[in-house]
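Read the single chain below, which is given as structure tokens and is the form predicted alone.
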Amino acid sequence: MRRFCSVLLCIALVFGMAGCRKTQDPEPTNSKKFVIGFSQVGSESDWRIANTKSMTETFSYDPDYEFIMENARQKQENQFASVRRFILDGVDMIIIAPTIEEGWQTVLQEVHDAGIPVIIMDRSVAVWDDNLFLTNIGSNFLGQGQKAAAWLAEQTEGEDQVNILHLQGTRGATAQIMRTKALDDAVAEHSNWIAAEPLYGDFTEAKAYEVVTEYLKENRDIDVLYSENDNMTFGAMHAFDEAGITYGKGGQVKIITFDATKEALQYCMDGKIDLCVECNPLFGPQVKELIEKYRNGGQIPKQVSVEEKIFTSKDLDQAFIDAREY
């Protein structure tokens, strides 16, 4: 009996010691990280890859932040699912680079009801209540297109007819909507500009190559290519090469491209692209400044634009291109 009691005592001591160890665990500190959930539209272009890198490098190595990114692979339903997971995870802020503008009212209302602030980045959303997001930081896409149209007007002044081939990006995306509007407005103002029915390139090189190759089987009378991003431009250039159509300085086709990535600027300096319209993807530091301001109780502008330029060959040198971050 005494031996049985000793065994019970040992067991009790073991559990008692375990309980003591548990009570001696360190208390939680107040150094809780600020958790950001980022829904990135995809990785469809060099621009997007540079944008992702800028965001990741800005937040992932900062000990004050936890940065969770999900790639939507250019599907809005994937973004909706990501945002709802972020709500369930109780993140402190959600950043969305939306695929297209429409369709966001319901899911943003859910985020708003959960009390989580939202930053819309790069593109815009079409919602009836702009209180559903904190701010929208991105490019002035309409302004980009207007700069391109103004340049083209100077280059084609006095010409009898200017035939324009228009390569559109993802339809419904802010960049596509506004760059298209800028061209449409300019065509309406210039009676000698003739724009063919736009080709849909989805902001990818492969799709642009496919649709331009098919177009050139029946139509070769092109004076200008207005391409809504660099990767589509590269696909079109490949199609032009195969069709024996010259482009750039001294060529048949003047090329206007948007983004101004390092590769496009190199082509521009080499005379293969006539105009690069910059679309700056390096949002990370500027987004972080806005978040820090918000966390400190500061006022955040509803719309924030990034600084951007246009480039022709005379504006470029090798040192500038080599130093380009994207």
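When you see a residue number, it is the position in the sequence shown, counting from 1. All of these numbers come straight from a predicted model, not from anything done at the bench.
Keep in mind that the form predicted in complex with a small molecule is not shown, yet the notes after this line are about it.
Trainee: Using a 4.5 Å cut on heavy atoms, which of 86, 203, 226, 247 is close to the small molecule in the predicted complex?
Mentor: Of 86, 203, 226, 247, the residue with a heavy atom within 4.5 Å of the small molecule in the predicted complex is 203.
Trainee: Can you tell me if residue 47 lies within 4.5 angstroms of the small molecule in the predicted complex, counting non-hydrogen atoms only?
Mentor: Yes.
Trainee: Given that the partner is absent here, does residue 141 sit within 4.5 Å of the small molecule in the predicted complex, heavy atoms only?
Mentor: Contact with the small molecule, yes.
Trainee: Within 4.5 Å, heavy atoms only: does residue 175 come near the small molecule in the predicted complex?
Mentor: Yes, residue 175 lies within 4.5 Å of the small molecule in the predicted complex.
Trainee: Taking heavy atoms and a 4.5 Å cut-off, does residue 291 contact the small molecule in the predicted complex?
Mentor: So residue 291 does not count as contacting the small molecule.
Trainee: So which of 54-62, 39-47, 265-273, 294-302 is the stretch with heavy atoms within 4.5 Å of the small molecule in the predicted complex?
Mentor: Flagged stretch: 39-47.
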